[in-house]
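Presented as structure tokens, the chain that follows is alone, the form predicted on its own.
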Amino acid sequence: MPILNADLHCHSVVSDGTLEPEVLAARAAANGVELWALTDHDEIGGQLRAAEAARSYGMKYLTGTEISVTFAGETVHIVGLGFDAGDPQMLRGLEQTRGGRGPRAHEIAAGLAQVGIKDAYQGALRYVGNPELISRTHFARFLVESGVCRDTSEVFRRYLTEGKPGYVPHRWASLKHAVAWISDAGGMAVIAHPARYKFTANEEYALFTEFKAHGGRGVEVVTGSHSAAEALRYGEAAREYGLAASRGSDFHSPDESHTDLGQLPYLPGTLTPVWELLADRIQ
């Protein structure tokens, strides 16, 4: 397998990133990325801009998105790569998934108001590029800028995780539907950053086996939130379940992300990279 600096997971202002797609493309190219995908949450509105910018910097491009899924009572993210960005079924599915974010945001603000943090909804909106995609990240940025917390990690720990004042669960798409939207649009479904989910061994087994049964074909092995040990662990999982391996920084912002675009370790040469199976979908 040729060594390839591929970054197939990042976010722009179209969802909860802080940079425009064109600025992300420039940053990726400057960091030596050869194959890139913009994977905004539940949204593909930035795809044409990202693809054009990638070409202008000499990078290859795969269409991308990151779909929010509810599985075993937890939120799981499924990255889609190489799909037709004009597919009507996918567009409808993503629109339905985005639809619950507005009411949830108002509930988050109400919870924060009860502990003395006023006007959080309006404050969070100041950080939103796409109001349909207002998320906990936007509330976190508001609380940091307001001086309530030192950084976004502290915001999540104190206010936005289960059992805290601003936590509001949301039911997203089903695993079956998310994988079908991606697959039926000609793309590949990939489990994003699997080490982040707090599943038991049995729950993780269920996730991988159901994902594969529904037509899922890949898993992120090397990603911004995985340690070296976790990359090894999910490399083994890729082999065990017969999945291709993906690589992506999950970059959101120069000020917030621990891993920059294109700055990850390379995939182990013993794994099948997702881009080998998506060669005919690369732009």
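Residue indices: 1-based, along the sequence shown. Fair warning: this is a prediction, and the values are worked out from it, not measured in the lab.
One more form of this protein exists, namely the form predicted in complex with adenosine monophosphate; it is left out here, but the text below deals with it.
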Go through Y127, F199, Y205, F156 and name the one with a heavy atom inside 4.5 Å of adenosine monophosphate in the predicted bound form.
F156
I need to confirm a contact call. Of W172, Y121, F142, W181, which residue comes within 4.5 Å of adenosine monophosphate in the predicted bound form, counting heavy atoms only?
W172
Hey, in the predicted bound form, is S135 touching adenosine monophosphate, heavy atoms inside 4.5 Å?
yes
Wondering, does R247 line up within 4.5 Å of adenosine monophosphate in the predicted bound form on heavy atoms?
no
May I ask you to check whether H252 falls inside a 4.5 Å heavy atom distance of adenosine monophosphate in the predicted bound form?
yes
Residue-level contact is defined here as any heavy atom of the residue lying within 4.5 Å of adenosine monophosphate in the predicted bound form; does K212 satisfy this criterion?
no
If the criterion is a non-hydrogen atom within 4.5 angstroms, does every one of H41, H77 and T152 touch adenosine monophosphate in the predicted bound form?
yes
Taking 4.5 angstroms as the heavy atom distance cut-off, pick the stretch from 80-88, 113-121, 97-105, 182-190 that is near adenosine monophosphate in the predicted bound form.
97-105
Suppose contact means any heavy atom within 4.5 Å; which members of 6-28 contact adenosine monophosphate in the predicted bound form?
D16
